[in-house]
Structure formats: C-alpha cells, structure tokens
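In structure tokens, the next block holds one chain alone, the form predicted alone.
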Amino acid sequence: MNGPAGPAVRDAYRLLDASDAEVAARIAALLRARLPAARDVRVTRAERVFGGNARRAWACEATWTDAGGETTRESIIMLSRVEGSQVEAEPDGEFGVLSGLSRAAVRAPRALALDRDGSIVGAPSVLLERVPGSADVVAFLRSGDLEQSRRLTLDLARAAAELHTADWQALGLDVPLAAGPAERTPLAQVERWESSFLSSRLEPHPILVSLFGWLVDNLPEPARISVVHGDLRPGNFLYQGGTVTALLDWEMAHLGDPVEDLAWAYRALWSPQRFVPLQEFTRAYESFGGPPVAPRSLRFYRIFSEVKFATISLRAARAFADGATGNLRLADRAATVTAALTRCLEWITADPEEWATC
C-alpha cells in the first residue's frame, strides 16, 4: 500500500530543495551546537555529492577558532538519513562507532558532530572528516591496471585485519556496540536478518525461510569477537593508487565474527576475485594479523551474505511498494533475490574448492 512519506523523507527532500548557502548554514549551526568551545564557525563550498541509495550527502569546508585562539580547518562530509532505506540503521550508531575507532589504528574517518533527530539540520545526520581518495567501484573493478588493483585488494585485506584486531573493549565504543555476549554471536545476526526478512517480504519465499533454518543449524564458532564493519566491499572504501585511505559507511557495524566481513567483500556483484582469489585474500588477511579463517566459517558466511543481500533487496522493494521511498533504483530489487538464493543452494552441497573460487 502507498502512504504519505514520513517526516524524515520530507525533511530530506527539504534539504534537497535547499540552496548550497542554506545547507552550509545548517552545517555551521550543527558544529556550533556540538562544539561549544568553537567560535567564528564558517562553512563554505557546500555541495551535494553522492551518498548512496539510503542517504543524502554534502561536502563542505569548515573553519572555527577554539578557546585558545587556534584555528581549525576541516574538509567535511555530511550524511543525512532518509526513510525507506535498505537497512535499519540510525546515524547515532555510526557516530558512536567512529568516535571510538578514532582512538585505534583503523582506517576510518573521524566523527565530528551528530544531529540524532534532525532538529538542527532537517534530517538525522552525521558530520565526518572528508578523507582524500576515490570510492569509484566501477573504476576499480574494471581497471586494466591489474597490478595496482591487486595491491589495492591486498591492502583491503590489511585494513580489514587492522579493524578486526582493534581492542574494542579498550576503545569505549558506543551504540550499537554496547551489546551483551548474546548479541555478539552468529545466531544474533541470523535472527536479526530473519526478523527483517519477515517484516519486509511481500510473498512467502519458502526457500529463503529454509535457508535461515540452515544457517541456524550450521552456526560457526568465531575465532574472535571483533568490530565487524557489516558492509565491507568495493564502493565502501576510499583509495588512492594501491592504498585504501578509509573504510566508509559504518551503518551496519556491530560486534561479531570478523569472517562475516571477508565473505561479504567477495559477493559476486562487487567481488575483487579477478585481482586476488578469495583463498589468497584470506591468507593475506591472516598474515597481516587477522584472526584465523576456518573453511567452515567462510562457507557459512558466504551463504549468510547471500541471505543478507536477499533480505536487503526485499526490504528495498517493500519500501518502494509501500511508498516510503520514490527511489527508482529500488523498484526492481526483488528481482535480484533468485540469483542470491541459487548460489546458496549450490554452495550448501558444493565442495570447498568450488565455492571458495566462485
């Protein structure tokens, strides 16, 4: 059923209608509110940039003077949430994760300010440091410079190992990572995505129902509980040459099994398999200090990744069908489900040498 757009949608559209000067003024107001010691806050060169299907993004330059008279200059990106997104996530979770990770050797942008309810900016938003580099997934995956792309893929393995070995208990990470032991298990992730599937589906999808059952029956034992990015893949990291400069889009970050990130990075849609085969990627990851990757765990998370992707697709299709979003990119997302489920059924019976090279 179609219905009126919610307030976050209307606010985000109001942001889209705003002039660059108006957006700059709202960003300045948020900085003043969240950095009370800052004086003479100025925001210039605000412009809309691509922020993905679920968020709107603006880039700008900001300057301010602290209580000691020192001037700070920052390149900033503002990410604003809209309703009808493909994942259930709020900017305060991303802000909390990045605030904690700023104290670790993890390649992530610094979190600068948060507008949790949109009362200042006009939609729930987070201000982040703008890190140099490109996130162009097409340029990376279609690159003719195979050696540079190989170096970049191996550096992604190193960046993942850095993240997964960060001492999250010492970092004081905020929501959504302030979870008890029961929320850090593979079962918790399966149940989370099953709940999203059940609330989003427009038809029964018995094969997907059975796959959730298979996941419950084949839960792995994590070698380590780590900060899991949740959407680690080409397109969600910045790069320059053969180096990853920052991991982006931390909306789905959680505590859990780090193998989840490795399997997600090698989904067929965005896999860097032609530069570095998955088995070599996992060996490199371990050599960089990442936790051991058991073949059984890798198979589980490759299947989990397809189930998760299918659920995200159904959630996107439901949002479009219900009128929660007018994003035409989401209109036919349900069409991607069959291929994802077919991979799962093939991998369940395949030998490890087959599914690990797909």
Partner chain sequence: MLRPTTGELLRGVRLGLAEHVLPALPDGAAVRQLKASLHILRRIERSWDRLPAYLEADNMDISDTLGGLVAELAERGGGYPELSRRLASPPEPAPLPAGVCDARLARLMAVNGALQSALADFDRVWRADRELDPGARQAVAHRLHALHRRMLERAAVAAGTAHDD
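Just so it is clear, the model here is predicted, and its values are computed rather than measured. Positions refer to the first chain, counted from 1.
From this point on, the text means the form predicted together with its partner chain, which you will not see here.
Q: Does at least one non-hydrogen atom of residue 327 fall within 4.5 angstroms of its partner chain in the model of the complex?
A: Residue-level check for residue 327: yes, a contact with its partner chain.
Q: Against its partner chain in the model of the complex, would residue 341 count as a contact residue? Criterion: heavy atoms within 4.5 Å.
A: Yes, residue 341 sits close enough to its partner chain in the model of the complex that at least one of its heavy atoms falls within 4.5 Å.
Q: Residue 132: heavy atom within 4.5 Å of its partner chain in the model of the complex?
A: Residue 132: no, not in contact with its partner chain in the model of the complex.
Q: Does residue 288 reach its partner chain in the model of the complex if we count a contact as any heavy atom within 4.5 Å?
A: Answer no; every heavy atom of residue 288 is more than 4.5 Å from its partner chain in the model of the complex.
Q: Mind telling me which stretch in 275-283, 98-106, 119-127, 207-215 gets its heavy atoms within 4.5 Å of its partner chain in the model of the complex?
A: Looking at the partner contacts, the answer comes out as 207-215.
Q: Which pick from 331, 33, 294, 41 sits with a heavy atom within 4.5 Å of its partner chain in the model of the complex?
A: For this set of options, the contacting one is 331.
Q: Can you pick the one in 151, 201, 184, 192 that has a heavy atom within 4.5 Å of its partner chain in the model of the complex?
A: Comparing distances to its partner chain in the model of the complex, the residue within 4.5 Å is 201.
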